[in-house]
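Take a look at this single chain, the form predicted on its own, given in structure tokens.
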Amino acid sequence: MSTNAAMAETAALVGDPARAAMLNALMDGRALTAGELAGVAGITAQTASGHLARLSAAGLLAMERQGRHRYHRLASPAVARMLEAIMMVAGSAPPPARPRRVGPADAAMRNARTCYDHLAGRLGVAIADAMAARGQVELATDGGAVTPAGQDFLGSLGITPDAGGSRRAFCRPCLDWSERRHHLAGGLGAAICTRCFELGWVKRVPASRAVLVTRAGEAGLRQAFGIELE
């Protein structure tokens, strides 16, 4: 398939409202069953199975079996980046004549959420800003690097920098669709996100990509990064 045809096919797959809802539900990095994704999209399980088969065939989703269940997840971080970029562009469109009211869920998503396997929103951007200001990371539009000071800092958090065994970029900036500034992605972003969950600093909001900062998280983030969220 030519590049133009492949791009058009991918755009058509993502552009369907039901498939878009299912893809968005998987943006927190977890794997969900067809039934769970059908509920998110508001369609029948049979219809969802057809959509999932097309998304898997196009390389957008990966499926794994565990016992009698089949779980679907985004196929790669590249798919998550594509979806996040689409959200950013869609969010830049001129507002409709009757602006949509922003509810609590939207406010929570802007404050802190997961973007595939790393933290985004105000929390993700604040962490990136803090580490850059302290000279712990060096970020450019096309990549980033962890400094020796950053390696020491990560060690104090219980995070071991990638020794090079993974082909995935360890430190990479990702443009945040709601803040329009960079948060940390790549292996570093994933490691910080995982550690925040392990320490109980953040917890998931059911049926959402939003995460809540806990009381322990408020203290931990203040001490580790010097940041406070409203």
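We number the residues from 1 along the sequence you see. The structure displayed is predicted, hence computed values, not measured ones.
This next part talks about the form predicted in complex with the DNA, which is not shown.
Which of 126-134, 69-77, 82-90, 146-154 has heavy atoms within 4.5 Å of the DNA in the model of the complex? Among the listed stretches, the partner-contacting one is 69-77.
- Taking the shortest heavy atom distance, is A57 within 4.5 Å of the DNA in the model of the complex? No - in the model of the complex, heavy atoms of A57 and the DNA never come within 4.5 Å of each other.
>> I'd like to know if T194 sits close to the DNA in the model of the complex, meaning any non-hydrogen atom pair within 4.5 angstroms.
In response: The answer is no: T194 has no heavy atom within 4.5 Å of the DNA.
inquiry  = Taking the DNA as it sits in the model of the complex, is A21 in contact with it (heavy atom to heavy atom, 4.5 Å or less)?
reply    = No, no contact at 4.5 Å.
Next on the checklist: Is G200 part of the interface with the DNA in the model of the complex - any heavy atom within 4.5 Å?
Outcome noted: No - in the model of the complex, heavy atoms of G200 and the DNA never come within 4.5 Å of each other.
- Task: Explain in one word, closer or farther, how the Cα atoms of Q66 and G186 are placed in the model of the complex relative to this form, where the distance changes by 3 Å or more.
- Result: Closer: Q66 and G186 approach by 3 Å or more in the model of the complex.
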